[in-house]
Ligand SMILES: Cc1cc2nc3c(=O)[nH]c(=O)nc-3n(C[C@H](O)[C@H](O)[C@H](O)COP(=O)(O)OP(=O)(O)OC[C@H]3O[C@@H](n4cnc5c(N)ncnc54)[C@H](O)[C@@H]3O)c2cc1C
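Take a look at this single chain, the form predicted alone, given in structure tokens.
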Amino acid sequence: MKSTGPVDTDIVLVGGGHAHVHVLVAFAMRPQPGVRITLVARDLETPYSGMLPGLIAGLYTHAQAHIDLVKLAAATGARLIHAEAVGLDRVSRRVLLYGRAPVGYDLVSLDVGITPALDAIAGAAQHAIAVKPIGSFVNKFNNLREAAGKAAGPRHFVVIGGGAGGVELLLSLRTRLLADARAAGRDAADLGFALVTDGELLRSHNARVRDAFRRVLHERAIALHENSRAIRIDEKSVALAGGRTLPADFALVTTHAAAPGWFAGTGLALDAGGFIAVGPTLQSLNDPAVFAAGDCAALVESPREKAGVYAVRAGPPLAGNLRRCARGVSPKAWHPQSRHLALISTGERYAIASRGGLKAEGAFLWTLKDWIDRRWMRMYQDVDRLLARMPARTGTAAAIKHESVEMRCGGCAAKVGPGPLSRALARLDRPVAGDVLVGLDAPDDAAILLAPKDRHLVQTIDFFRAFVDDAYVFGEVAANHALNDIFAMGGVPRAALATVVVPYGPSAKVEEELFQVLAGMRACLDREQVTLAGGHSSEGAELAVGLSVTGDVAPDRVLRKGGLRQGDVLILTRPLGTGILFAAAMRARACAPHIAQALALMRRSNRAAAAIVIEHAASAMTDVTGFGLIGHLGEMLAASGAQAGLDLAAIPFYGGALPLARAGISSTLLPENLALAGLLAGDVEPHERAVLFDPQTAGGLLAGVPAARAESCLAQLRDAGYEAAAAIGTIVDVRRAPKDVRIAAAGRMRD
């Protein structure tokens, strides 16, 4: 949950596992003043292990079996950081992240699952598919299905591992592949399936359950190899100890899971398998600020098998103890039950129940399992219901332990203090020197730049509020956005000054937020060899960033908005729809894949795109930002005295943008942009109009290119990684007064 006042305690959840999604909801249902919850997730969709067999068998869709963490974080008010954790700096209390700056914590919880450990079987790493982690397995399974659908595709499938997971996987795989074959009109008689286990089948279950599954496997003509150890896997076979070899086009391994390798470098107490050793409070045995739950944790006083049911049940005690520790109250012990009811599916709408000496089976048990699983998932998927149950968020200021923040001064007294500022700057690498004579490497009252010879200076400035909670990503996107104005005029950016407004709070929290946003800026600017030369920081109600960028341009390379010529093809280098998507994200309505795609492109440089367009004799260029495509195209047309024809079917837009626009979701700037609707002529539906006028952040370049060179320009843009680049229209008249500018739209946008 977002703290409604200054942040006193940062709780960072690493991994979107079953226990952590409960923590998100628990804190949203009962917010704790001064506490901020941050979720660090490598994958933005969390698969539910209980529904994996049904997903494989085709009984559930991808959406039904996954929790969308973008929607859940937005609904619960948690800060979401899309990154992979690779370590802990426990001295500085920071989570180390791959490819970006670390994030600070006061309390941290790990629920990152397990990784495959295939080295126990020769050749497995090269030729087998590991089922854990589930998130990456789903994509591999889809590739397997595609291969099996080909005439000369794989026909023999072996699952290694005789636990409940391996049995359910194989039975579900068989169901799905037979259904695929029937749907394609193929004979499935040549499909062969085998299960290999180095002990008894389902050895942790009672004899009646084992016998029931032996019967099921026999009825489905699945070869069972009990007490058989797989020792080698190659492209076409699985070799067993004792000399027997099984044909195997695909081998899937459900055994030999390991802890993430980076655990070993944390200095945390680990068990013999390398998993985080925790006590009954779910805290690390040697660091009470570190919690762990799910498969990556080992309960040393009450060991349990690594089953999803225990990860689910760890959620409430984990949330309670994180809350207690944040309040300075002693945590409570949790002792999970030693046995649980297992409902093991047979790959169809039928299940066998196992608990102690109990065994039962039938379709009714699958119905029960389905009801339990769907009910659990609804708690984290139905964001509208979640929001309706949530208490109203008020603006009540939190009680801060260490500093008084109720009264904040204005003017220069609102600047970020010298301590947090100097510490944040010290954590950054030394800036690129470039043409900066005086900058952050030796701070002074102002930066001094080396004046370019025989070139014009080009300058721009941008400033806007944060639209994502991840300050690092926001800084990166903001910098990329600011550079686009320089690229659009044919220039080369050289140096930047930054203005950062940071939410007020304790100095350590102000320092961390400032560092994150500056580190994100630097990640972008360093890639572009642009020096961050200085800037200004201030406290405010919310995070906001501005950049003033200075560049230079050769006099004969200057591109303006005016200059379009009759017959020019209009080329757009990036999709539309960021305003719609992030308006939806604020309402917990945007899907994870769509947000991930948008942020990936918003962080990608337009430098190469500008160079390609210029080399193809562009007559005019601008970048598409706050006024939307029509607003910025209108500026180009007015400056050129031109009219344009627009092909709506050719316009690229981000996934999800059009359906969201059709549902009435839009940016708050859209009504202002629609004041320019008189520019647009033709039959344009309301949702199409919303996309055309949607304000863009870090948008694409829009340029006029001679028709004879447009095809080559597009080909080079796509080869350079601008896959969405498209020719969206043409210039039809260049003899018009600015007041007569019109854009004639034709066609229909395609979902």
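These figures come from a predicted structure and were not determined experimentally. Note that residue numbering begins at 1 and tracks the sequence as displayed.
Beyond what is shown, the protein has a form predicted together with this ligand; the following relates to that form.
For the three residues G15, L52 and E168, a heavy atom within 4.5 Å of this ligand turns up in the predicted complex in every case. Comparing 306-314, 525-533, 142-150, 652-660 against this ligand in the predicted complex, the single stretch with non-hydrogen atoms within 4.5 angstroms of it is 306-314. Using a 4.5 angstroms threshold between heavy atoms, A19 counts as touching this ligand in the predicted complex. Interface membership of D295, defined by any non-hydrogen atom within 4.5 Å of this ligand in the predicted complex, is confirmed. With a 4.5 Å cutoff on heavy atoms, R689 does not count as touching this ligand in the predicted complex; it lies far away. Although the partner is absent here, R607 is not a contact residue: none of its heavy atoms lies within 4.5 angstroms of this ligand in the predicted complex. Checking K369, R90, H616, R589 for any heavy atom within 4.5 Å of this ligand in the predicted complex turns up a single hit: K369. K132 is the sole member of R100, H632, K132, R603 with a non-hydrogen atom lying within 4.5 angstroms of this ligand in the predicted complex. Shown here without this ligand, the chain has V40, A41, R42, D43, T46, S49, G50, L52, P53 in 38-53 lying with a heavy atom within 4.5 Å of that partner in the predicted complex.
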